[in-house]
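In C-alpha cells, the next block holds one chain alone, the form predicted alone.
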C-alpha cells in the first residue's frame, strides 16, 4: 500500500480555523483563503492556517460546500491506502459487542463516526452493502472493497451509492454487485437473536434497513404486552415485529409504500407471528393520524419514526413545525397510562430542541406527558466526540398521564 498524499495545500482564513483545531472534520468552501497545487476530486490535501501552520490532512471535493473532509490531524500520519485499510479494520473491531448480542445486521463503518467521512458499510448476513457519498471515499474505493473482502471473504459486496448527496460531490450514482452474487429481493436478518427483520438491499431505503433503531425496537417489544400499537412510517415493519414478539394484542403498520408494507407482511410470516393481530395500511401518516383523532381512537403505544424533516438549515423552521404537528397528533392518540415513542433523525435538531418541540406539541394536544426514557442510535452507529452531527438519532419515551 502506498502513501498517496498530495502536495496540494488548502489555506484557511484566519477566522475559520477553530473547528479544525477542535478536530471537527469539515472544511466549508467559505472558510478557504486559497488552494494551491490543483487537487482533483477526492485527492489528499494538506490543510494549513493563514500563517501556513499545519492543521490536518484531508480529502478534497471541488464541487461540494464541504470542500475538504479531514482524516488526520497528526502531521506524521499522512493519508494513504494503508490508513484507509487500518481505519476499516479498527471500525470492525468496535463492532464485536454488537455481533455478540446476536445480530447479523451490523453497521461496520459509520462515516465520520469512524473517521472515514462519506463511507457507510452495513453487513446483512452474507452481504456487505457500501454507500459512498464523498469524493474522497470514491477515490479510495478499491482499497475499501479489498479491505472489506479481506475481513469477510465469505461475503458478497453490493453498492448502494445512489444518494442525492453524490450529485453535490459531482459524482454519478452507482448501484449493483461489486463482488459475489446478487441479493434476493428480500432477505431476513437476525436481530438480538430473537426477531428476523426484512431487508431489501437492492431497492430499500438507504442500504436496505435502519439498523440504527435496533435498541428502540427492543424497547417497543418491552412495552407491548397486551397492547394496541400504532406504528407510523413503518417501512418493513421492524417495530411491528418486535411489538408482536412482545405480545401486542393488535398492531397497525402505516406507510405510504406498498412495497415496504408487502415486505413487512412477509416478515410476520417468516417470524411465525400471528398475522391476525396485524393491519398494513397504505396511507399518508399525517392524514391517517388526523382521521384517528377525529374518530377518537386511542392506542396503548404509538411509535412515530418519520424520515428526516430537516435536510438543511434553510428548512429547519418548517421541519420543526412538522415535528410539532405530528407529535401533537400522536399524543392525542395515546391512552392515559400509555406511551408515545417519538424520534427525529435530523442532525440539525439537537436533543434539547427536539424535547422543546415535543413539549410544545403536548401543550397543543392538552396532554400531560412525562419523559421516562431517552433513546438513541445503537453503538455500531458510532458518535465522534468532536463531530456532534454524528449523534443524529434521538428519541423520547413519553408516558401519558
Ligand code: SAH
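Residue numbers count along the first chain shown, from 1. What you see is a predicted model; the values in this text were computed from it and never measured.
This next part talks about the form predicted together with the ligand, which is not shown.
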| property | result |
| --- | --- |
| Shown-form site status with respect to the ligand as positioned in the predicted complex after superposition (2.4 Å backbone/C-beta criterion, 3+ atoms) | open |
| Among 269 to 277, 126 to 134, 253 to 261, 172 to 180, the region lying within 4.5 Å of the ligand in the predicted complex by heavy atom distance | 253 to 261 |
| The unique member of 218, 285, 94, 320 whose heavy atoms fall within 4.5 Å of the ligand in the predicted complex | 285 |
| In the predicted complex, the one of 168, 225, 101, 205 near the ligand [non-hydrogen atom within 4.5 angstroms] | 205 |
| Contact label in the predicted complex: residue 247 to the ligand, heavy atom within 4.5 Å | no |
| The ligand contact in the predicted complex: residue 196, any heavy atom under 4.5 Å | no |
| is_contact(residue 147, the ligand) in the predicted complex, heavy atom dist at most 4.5 Å | no |
| Residue 210 within 4.5 Å of the ligand in the predicted complex, heavy atoms | yes |
| Contacts with the ligand in the predicted complex - residues in 218 to 233 whose heavy atoms fall within 4.5 Å | 233 |
